[in-house]
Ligand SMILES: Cc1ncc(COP(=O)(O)O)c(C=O)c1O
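Consider the single chain below, provided in structure tokens and representing the form predicted on its own.
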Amino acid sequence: MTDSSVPDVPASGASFPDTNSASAALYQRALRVMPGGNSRHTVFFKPYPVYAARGRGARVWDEDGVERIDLINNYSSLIHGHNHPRIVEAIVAQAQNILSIALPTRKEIELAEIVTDRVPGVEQIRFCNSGTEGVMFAIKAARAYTNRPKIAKIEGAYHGSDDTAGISTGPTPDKWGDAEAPASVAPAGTGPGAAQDVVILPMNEVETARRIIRAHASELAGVILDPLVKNLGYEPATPAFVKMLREETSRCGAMLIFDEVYSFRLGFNGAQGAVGVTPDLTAMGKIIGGGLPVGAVGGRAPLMTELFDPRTGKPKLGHGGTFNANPMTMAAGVVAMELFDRESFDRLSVLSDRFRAGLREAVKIAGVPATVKGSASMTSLFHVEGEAHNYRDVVSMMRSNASASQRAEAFFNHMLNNGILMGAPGFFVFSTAVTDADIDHTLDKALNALRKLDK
């Protein structure tokens, strides 16, 4: 979607940081009532975050009136950018009827039909309110179905803030243990005993992971995998690794869980459609809600019925939630998913491929150490060079290049001051509102930024 009333490229005018800016003032105000000044660590950056005022299409304006191309799209949830007119129309219409209610609605059925028709491993689905909840219920479902306690996950992979999912998301070298048998490391605030029920696997190490899974086979409820791991710079799970996980979970009677909260973007039929492997359970969120809070767990019909169906009495796995399948989200999600058709997916993938190629060329021209990775509409730029296929590789590379984090911050600030909003660590996630002109502008500013880093 292109809005002809929005300029091809944003006008300059940003001066970040600026202690006299509206954002700086709002940050000081926020610090008095919220620790760190907001409710979400991923949107904080030093010396203060920019405060958003409004968005439209691929553009966002801050409280100082500065316009930027939004190339992070609320960390992937805005598949059509800001305030797509058809999604807004659906939200307004729904708001005039029902905001929330202790009854199901037609829109819940419509969104469920769209998702189950599109995703191979989702024959039935239940909605919740965040990706964290979707993952949490997928994990609970695996444990309830198998009557086993343990969940295996990839070292360094992020699956939300549930106790089980949070184990070994960011372990330090002094705690992570042997590479052949990674330790289960609990972050602060995790309940006692959570780590002992989580088995850690090294990403893409086929035979090592196979051996670990077999060692825990009788206790293993499931293995959870994000097929494109964001925290590893969008490192894809190799076909051999995914094939092994499918083989071993089937062999020992455990559930294969795909976390597609983020990586649903990987293919028109989700990540599982792209990799050609069908999981038993799928956790979802982000783009299926049309920009409003959403989560979901889906899977094979017999499994979902056995766990969640209340018709024969108390279901095996309880699933309540005041705002589950809330009508506002369902209405927005139906339109967003209808708009994200095959043509839109293909166009966005072509744009993103062109962006990654241009970014790699900019790195080459500037002659700086950097690595560009990603797939479909997701791209990462790490300010180090070399091959990194698992969490320990990434940590080692970053630690061996002491200036990498400073370079990432300088790059981010340059882009922010030249009309581009990206993920501060080095992430770009496109929406269908992005144009070729936006790509050209971003690549031009990226080259300028990379050249400055070399000085």
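Everything numeric in this text was worked out from a predicted model, so none of it was measured. All residue numbers refer to positions in the sequence shown, first residue = 1.
Keep in mind the form predicted in complex with this ligand is missing from the figure; the text below concerns it.
Of the candidates Met255, Ala331, Val122, Val135, Val135 is the one whose heavy atoms come within 4.5 Å of this ligand in the model of the complex; the others do not. For the options Phe308, Tyr158, Phe340, Phe241, the one in contact with this ligand in the model of the complex, meaning a heavy atom within 4.5 Å, is Tyr158.
In the model of the complex, none of the heavy atoms of Gly290 sits within 4.5 Å of a heavy atom of this ligand. Although the partner is absent from this view, Ser130 contacts this ligand in the model of the complex, with a non-hydrogen atom inside 4.5 angstroms. Contact check for Asp259: a heavy atom falls within 4.5 Å of this ligand in the model of the complex.
Taking the partner from the other structure, this ligand in the model of the complex has a heavy atom within 4.5 Å of a heavy atom of Asp226. This chain is displayed without this ligand, yet in the model of the complex the stretch 260 to 268 from 260 to 268, 92 to 100, 360 to 368, 186 to 194 comes within 4.5 Å of it by heavy atoms.
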